[in-house]
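Just one chain follows, in the form predicted on its own, and it is written as structure tokens.
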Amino acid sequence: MRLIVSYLIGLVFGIGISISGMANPAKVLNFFDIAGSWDPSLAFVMGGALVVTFIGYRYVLRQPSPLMSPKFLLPTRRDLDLPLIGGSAVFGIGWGIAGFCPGGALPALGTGRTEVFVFVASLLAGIVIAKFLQAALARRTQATA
């Protein structure tokens, strides 16, 4: 049941990304082109997502537990550290260069365009490299401790 619910949530997200045009990198890049062919639609998509999320969290967090899990798994850390800031910067730079974020790229795989596959392959390679670097840093930290 959990797999079916996850699939349906992903399907709704993918349809929303596709309908809003956010699977089209040109539309996203035009949002960043303030001096040229600026397209404010990304701001409206993000604003709509914020409103839905704000209302949804207010409702969901009043429940004793989630429907598909025994407890809520919410972040507990509130500090800003180098991995968070660096990851955010890499995400933003990649989004600005490619016009894709991971959420928009996955539904765009259905278009069959080569650049989407290159982006997703690069995304997966980046995840593998980041995990490798995290493990190497953890080993180094343990060795010096």
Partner chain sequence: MMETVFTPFQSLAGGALIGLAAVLLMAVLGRVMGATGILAGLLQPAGWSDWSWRAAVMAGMISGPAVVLLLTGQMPVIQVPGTTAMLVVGGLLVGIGVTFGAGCTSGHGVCGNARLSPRSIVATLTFMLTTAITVYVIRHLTGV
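All figures in this text were calculated on a predicted structure; none of them were measured in a lab. Residue numbers count along the first chain shown, from 1.
The next section is about a form of this same protein that is not shown, the form predicted together with the partner chain.
Shown alone here, Ser6 lies within 4.5 Å of the partner chain in the model of the complex, counting heavy atoms only.
The partner chain in the model of the complex comes within 4.5 Å of a heavy atom belonging to Arg2.
Residues Ala49, Leu50, Val52, Thr53, Phe54, Gly56, Tyr57, Arg58, Val60, Leu61, Pro66, Leu67, Met68, Ser69, Lys71, Phe72, Leu73, Leu74, Pro75, Arg77, Arg78, Asp79, Leu80, Asp81, Pro83, Leu84, Ile85, Gly87, Ser88 are the ones in 49-88 with at least one heavy atom within 4.5 Å of the partner chain in the model of the complex, listed in sequence order.
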